[in-house]
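What follows is one chain in structure tokens, specifically the form predicted alone.
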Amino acid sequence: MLAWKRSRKILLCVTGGIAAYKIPDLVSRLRKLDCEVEIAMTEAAETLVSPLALSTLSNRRAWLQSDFLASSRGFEIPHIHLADWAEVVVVAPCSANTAFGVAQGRAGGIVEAALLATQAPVVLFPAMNVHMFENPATRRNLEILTQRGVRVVDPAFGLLACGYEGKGRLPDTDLILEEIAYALSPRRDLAGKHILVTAGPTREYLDPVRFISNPSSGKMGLAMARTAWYRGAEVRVILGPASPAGSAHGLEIHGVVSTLEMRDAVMENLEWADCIVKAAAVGDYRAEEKADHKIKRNTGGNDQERTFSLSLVQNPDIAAEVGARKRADQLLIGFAAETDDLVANARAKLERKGLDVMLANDVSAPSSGFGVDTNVVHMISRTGGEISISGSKEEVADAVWEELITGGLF
């Protein structure tokens, strides 16, 4: 995990929506990241989730509506203290009433007053009945907040507590944590950039039930995509048959299966991209002919030959095709999964495919093989630079972007 995600100061404002029952899990997850969490609650929120439970989980008092200008503690001006202390302010769930109050600049309670006073980034998660969310008044209030720089995250679609089905659910905790990370990201040096990433394996079917593939999980490619998003880029991912595993928020995902499908998707998005990251483990070969029906097992006697011959043809080299077609202002980054002669093979591929940067890793090593959460890459650039980067795949990805930007390559 990136170091800047940990040990942060977060003001969590809880308002009057039934989704408040999910907030203890969010507080617990933030505390596991060693974050300090201050909690401010509206009066309505106090009836939906226990202030004592939130206080226990955060290891701090929960600030209630009764604390706002109270005779016993009003001299502390808690809403100003909270507003100045926070590195990010999260409103979850945000009710229609709170959205209206904040949009109008109202300061009738501790939550509204803290939001009015803070200079920290604000991330707001509206959650309510679908018709309340779609009401023009609510939409206008959220638009006003967006125009003021508040990050408003659309609610999820699903079955609502009121019995309706539609857009109004508080997103899952994983998504909320990703949005908090985005707000806390220390750099936006890729803002305005379009990044195209390929990730995961491909599958080359022999018949309707069998295919040739590899163990790629897509984790490295998705880490490259996610860390680019943290830095402000707009990111599209051409993803082979691998699960995003909760890491796809903020990314535009295009799912493909075969190498030919991946090639077509890359070419369709090539003009859009400022940078192309070829992190997918693409199949080099496919069956010359795919059987229409399942290939049956040979059930003959011992005297019968029990072998199966498979004729393969070579797939197109997507990276090389991109290298031949890319504009002068586009950056092309490749990955080389090697098992021997790492640097020599990577350099040869960089030249042969017309890449600007090659990231080579030894997939036979336990710390950088398929499916693991860590990686060790050798970063080689066309300009002659060469460094080694290790860590979690997210740390490696972020370090790659840092090297590209500070080194003037992108």
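Don't overthink the numbering: it's just position in the shown sequence, from 1. Because the structure is a prediction, the values reported are computed rather than measured.
This next part talks about the form predicted in complex with a small molecule, which is not shown.
Looking at 131 to 139, 83 to 91, 228 to 236, 209 to 217, the stretch with residues near the small molecule in the predicted complex, meaning non-hydrogen atoms within 4.5 angstroms, turns out to be 209 to 217.
Contact with the small molecule in the predicted complex, defined as a heavy atom within 4.5 Å, holds for exactly one of Pro155, Gly283, Gly109, Pro78, namely Gly283. Checked against the small molecule in the predicted complex, the candidates Asp189, Glu261, Asp317, Asp274 yield a single residue with a heavy atom inside 4.5 Å, and that residue is Asp317. Using a 4.5 angstroms heavy atom cutoff to the small molecule in the predicted complex, all of Ala336, Lys349 and Val363 count as contacting. In the predicted complex, the small molecule lies farther than 4.5 Å from every heavy atom of Lys22. When the small molecule is considered in the predicted complex, Asn375 lines it closely, a heavy atom lying within 4.5 Å. Contact annotation for Val102: none of its heavy atoms lies within 4.5 Å of the small molecule in the predicted complex. Taking non-hydrogen atoms only, Leu170 never approaches the small molecule to within 4.5 angstroms in the predicted complex.
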